[in-house]
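Shown next as structure tokens: one chain only, the form predicted alone.
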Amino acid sequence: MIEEILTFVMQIVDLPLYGDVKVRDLVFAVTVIIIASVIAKFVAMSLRRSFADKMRKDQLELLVKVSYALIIILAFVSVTPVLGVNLTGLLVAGGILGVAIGFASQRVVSNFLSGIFLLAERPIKIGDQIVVDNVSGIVEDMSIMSTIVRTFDGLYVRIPNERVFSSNITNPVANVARRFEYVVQISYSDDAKKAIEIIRNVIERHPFALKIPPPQVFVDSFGESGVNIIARIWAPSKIWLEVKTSLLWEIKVELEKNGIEIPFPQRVIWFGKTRST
């Protein structure tokens, strides 16, 4: 009985539909399309989960639809030879059209792919202070094609994602802390050890000057007008500039209060004795 059923099924599978195409070919093609649909839905679901908090909703839906359509098209193209459909002429025409479109839109595709990579890697995010390709400012928006930066002068700058992805990105606030440095010059007649102690005390009193990593204050070199003292301080990245500007003024005031002179540029000129004739 089972053998008869199998024989009957095989006869049905081998029935010709048109030309050399048989029922089994149609079944195979339908199966491939169904599997491709399942894979496309899985990819769409994965994209929505991965980029839900990284992309705007409209951009994410566009990415999902494009990915879904590409998978289905690839599956359809792969089964057309089985169904006896000859796509040679269409592929030649499509190839010529694709080359023409490719030259015209290669920057668009490059920006699109770069945008996906940036959203996946996330070296920057909205609100970050960045320096990219000689443009410094705050990231206002990130789309699939470009990144919008508001410079510190208030200018609107649109940077294509291809340039962002291929350039060195400096993100000053990516790390929790950031270091800055002063060169404080005191007169040769003043006590450098006392000056270092005063600078250390000012740094320790500042509420946002970090204790770890500890600040460094030391004599670095002898200048034309005085002794150069280096002060290296760590501060929270978000308020780095505020700490740097306020602390410098406090150091100046405290040094002057304790009689430590910050000298003006000066030179000592020696005149040799002139011989009388």
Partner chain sequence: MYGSYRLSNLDISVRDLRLWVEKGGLYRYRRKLGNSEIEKIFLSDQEVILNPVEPVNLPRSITNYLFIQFSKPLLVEPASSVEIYLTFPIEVGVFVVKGDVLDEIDVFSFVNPKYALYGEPRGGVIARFWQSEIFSNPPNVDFLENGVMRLKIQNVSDSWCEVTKVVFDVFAMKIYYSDEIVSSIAEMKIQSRRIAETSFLDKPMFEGMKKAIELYTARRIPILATKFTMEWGI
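Positions refer to the first chain, counted from 1. Values in this document were obtained by computation on a predicted structure and should not be read as measured data.
Although not depicted, the form predicted together with the partner chain is the subject of the following passage.
Residue heavy atoms within 4.5 Å of the partner chain in the predicted complex occur in exactly one stretch of 180-188, 149-157, 127-135, 200-208, and that stretch is 200-208. The partner chain is not shown here, but in the predicted complex it comes within 4.5 Å of a heavy atom of A174. Although the partner is absent here, I212 lies within 4.5 Å of the partner chain in the predicted complex, judged by heavy atoms. The partner chain is not shown here, but in the predicted complex it comes within 4.5 Å of a heavy atom of K238. Proximity of Y68 to the partner chain in the predicted complex falls outside the 4.5 Å heavy atom cutoff. Though the partner chain is absent from this view, in the predicted complex it lies within 4.5 Å of a heavy atom of just one residue from E250, E61, D220, E242, which is E242. Residue W234 is the only member of 220-235 with a non-hydrogen atom no more than 4.5 angstroms from the partner chain in the predicted complex.
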